[in-house]
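Before any questions on how it binds or moves, here is one chain, the form predicted on its own, in structure tokens.
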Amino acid sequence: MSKKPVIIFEGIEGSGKTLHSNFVSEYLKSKNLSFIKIREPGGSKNSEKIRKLILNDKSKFNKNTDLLLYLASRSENIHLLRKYKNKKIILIDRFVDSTIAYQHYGLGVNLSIINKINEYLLKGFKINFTFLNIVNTKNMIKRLKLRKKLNRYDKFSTAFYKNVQNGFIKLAKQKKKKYLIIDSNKEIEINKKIIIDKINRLIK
């Protein structure tokens, strides 16, 4: 019987995070393994409504409102995550560490506030493993230019994204055994193999 871990995909814009999470979901389908995949913000019906509000390029929220909207989205998802915990493999495109990387390291929101609200919402819900996709500025800009439409979080300064990525790397170093850094500047096929090899170890 396969294990049912909670697996997170993190990274800044243009890092290949969503590409890799989609690839993993296709791989699990090919193996007839039971899983759910959600994104943050988004996932559940109400959370998707909040996503549209956050990412709309006409929205202009202060950093505290942004934080609370992201956490409201998570609040709408947690019942779904609890429902399938240990019953299905759970794939999440962004989770708690994105909130810390973007809202604390990127926008300067107090870390203790973020942690306290997350603790209140999650109530012990544990993550098993995180893939962190990193990318250099040149490739990030190149990939963003290929997008048909940019949302509000695709339009920050390069300095902001550097701060966020450095924040992610700090988090990865704190949780070495539960993090794998994927260099998304490398060829996609190389990274796919690395990720699938790790996925197989996680689920068996």
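Owing to the predicted nature of the structure, the values given are computational and were not obtained by experimental measurement. Residue numbers here begin at 1 and follow the sequence given.
We do not show the form predicted together with thymidine-5'-phosphate, though everything after this point is about it.
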Subject >> Contact flag, Y153 vs thymidine-5'-phosphate in the predicted complex, heavy atom cut 4.5 Å >> reply: yes
Original post:
Quick one: is Y70 in contact with thymidine-5'-phosphate in the predicted complex, heavy atoms, 4.5 Å cut-off?
Top reply: yes
**OP:** Consider S98 of the chain shown here, and say whether it contacts thymidine-5'-phosphate in the predicted complex, taking contact as heavy atoms within 4.5 Å.
**Re:** yes
Original post:
in the predicted complex, does G167 have a heavy atom within 4.5 Å of thymidine-5'-phosphate?
Top reply: no
**OP:** Heavy atoms, 4.5 Å, thymidine-5'-phosphate in the predicted complex: which of 38-46, 23-31, 173-181, 137-145 makes the cut? Say which one.
**Re:** 38-46
Original post:
Across 41-55, which residues bring a heavy atom to within 4.5 Å of thymidine-5'-phosphate in the predicted complex?
Top reply: P41, R51, L55
